[in-house]
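The chain below stands alone, shown as structure tokens; this is the form predicted on its own.
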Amino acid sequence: MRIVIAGGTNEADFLIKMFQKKKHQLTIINADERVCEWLSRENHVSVYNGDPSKEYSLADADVKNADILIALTPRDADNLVICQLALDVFNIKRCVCVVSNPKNVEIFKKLGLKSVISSTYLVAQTIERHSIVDNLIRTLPIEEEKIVLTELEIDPDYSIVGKQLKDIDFPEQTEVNISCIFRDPDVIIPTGKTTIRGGDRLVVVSTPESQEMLIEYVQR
């Protein structure tokens, strides 16, 4: 997955380290030259020094057609501009806009951003919570973490491989729903008769309390 990290300091450093473990391709942009040098030195990566809220900086950093952009600058208005440019000009598939002011969540959503997070550290905390899970591809909160959306890749040796969904005995206390399955080149809306295969990527909706239990169960 190709990921763009725009702005940020400690939270950017944390995300870089997490995404490097997953072998994702990273493009990092930061307006502060000292932060660029620090991030580059700490993570052995190239960091583009430029203002990510400017179209020419995003163009110079070659972000076009990236899979996801995470806007982490300290100014909510800049993060909005970054995400709008990413979606409208650079054809980036998905943006996560981090805002300092919780009041901006609904405003930014009305302006067309689907993933708006009201805590600067929420992205890092969410990833940190599950960083020990090798096949956790991504997890994002929905509606202030009342539910979470998790995407899991299924290894061929997992015990649920070969089973139909109706025959999988998820723990009684888990509140989960498998909303779709990515099985290249298809996207499957599952029924009880859908059989899980190795290599499938399950998109699961759950409560935050059920998420860790679900991941542990699936990876048996």
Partner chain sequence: MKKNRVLIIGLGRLGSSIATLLSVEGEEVLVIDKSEDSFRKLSDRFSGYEITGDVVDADVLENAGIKSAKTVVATTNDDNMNIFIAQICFYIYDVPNIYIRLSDNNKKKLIENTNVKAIYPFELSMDEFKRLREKERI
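Numbering follows the first chain given and starts at 1. Being a predicted model, the structure only gives us computed values, none of them experimental.
This protein has a second form, the form predicted in complex with the partner chain, left out of what is shown; the following refers to that one.
The contact residue chosen from 96, 80, 148, 92 relative to the partner chain in the model of the complex is 80, the criterion being a non-hydrogen atom within 4.5 angstroms.
Screening 153, 175, 55, 32 for any heavy atom within 4.5 Å of the partner chain in the model of the complex leaves a single hit, 55. Shown alone here, residue 105 lies farther than 4.5 Å from the partner chain in the model of the complex, counting heavy atoms only. Residue 72 falls outside the set of residues with a heavy atom inside 4.5 Å of the partner chain in the model of the complex. Not displayed here, the partner chain is approached by residue 85 to within 4.5 Å at the level of heavy atoms in the model of the complex. By the 4.5 Å heavy atom rule, the three marked residues 76, 101 and 110 all count as contacting the partner chain in the model of the complex. Residues with any non-hydrogen atom within 4.5 angstroms of the partner chain in the model of the complex fall in just one of 182 to 190, 24 to 32, 155 to 163, 46 to 54: 46 to 54.
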